[in-house]
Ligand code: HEC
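Form predicted alone, single chain, as structure tokens, below.
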């Protein structure tokens, strides 16, 4: 019986370390977001505000934000890169060498915001990975769920 308890303790200890490691990644990623991304990207925008922004832009106005919200970006990128590792590779590459050709944004996003500057060029690989993992793990909507809650029309 002692062996079972010891095995359970080891398993719980490993899971606890993984959870702390995950918390560390989220914390580091959020810190990178705050210092490198937040000046352009809000974390999220309520559906009613997004609708008003879209209506203003359709009438020729400028949006009150410089870039799409991170919640929307996460859901959109997950549509094309659903597993965490491919998502992280895409985001790390895209923020370093952004282009409309390899981007996955809706055409209207490029029309409204253009292509982002290559902010990843001033970041370490660790920072790029941390912010990409934060972006993946912090938001849980699929693209379809996001669109249902934030209609784009």
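Values in this document were obtained by computation on a predicted structure and should not be read as measured data. Positions refer to the first chain, counted from 1.
One more form of this protein exists, namely the form predicted together with this ligand; it is left out here, but the text below deals with it.
Chemist: With a 4.5 Å heavy atom cut-off, would you call residue 124 a contact of this ligand in the predicted bound form?
Modeler: Looking in the predicted bound form, residue contacts with this ligand do not include residue 124, since no heavy atom lies within 4.5 Å.
Chemist: State yes or no: in the predicted bound form, is some non-hydrogen atom of residue 67 no more than 4.5 angstroms from a non-hydrogen atom of this ligand?
Modeler: Close contact exists here: in the predicted bound form, residue 67 approaches this ligand to within 4.5 Å, heavy atoms only.
Chemist: So, residue 39 and this ligand: in the predicted bound form, are they within 4.5 Å at any heavy atom pair?
Modeler: Residue 39 belongs to the contact set for this ligand.
Chemist: Spell out, yes or no, whether the shortest heavy atom distance between residue 91 and this ligand in the predicted bound form is within 4.5 Å.
Modeler: Yes - in the predicted bound form, heavy atoms of residue 91 and this ligand come within 4.5 Å of each other.
Chemist: Looking at 119, 56, 43, 26 here, can you tell me which has any non-hydrogen atom within 4.5 angstroms of this ligand in the predicted bound form?
Modeler: Here the answer is residue option 119.
Chemist: Pull the contact list for 93 to 127: residues with a heavy atom within 4.5 Å of this ligand in the predicted bound form, in sequence order.
Modeler: Heavy-atom contacts within 4.5 Å come from 94, 95, 103, 104, 105, 110, 113, 114, 115, 116, 117, 119, 123.
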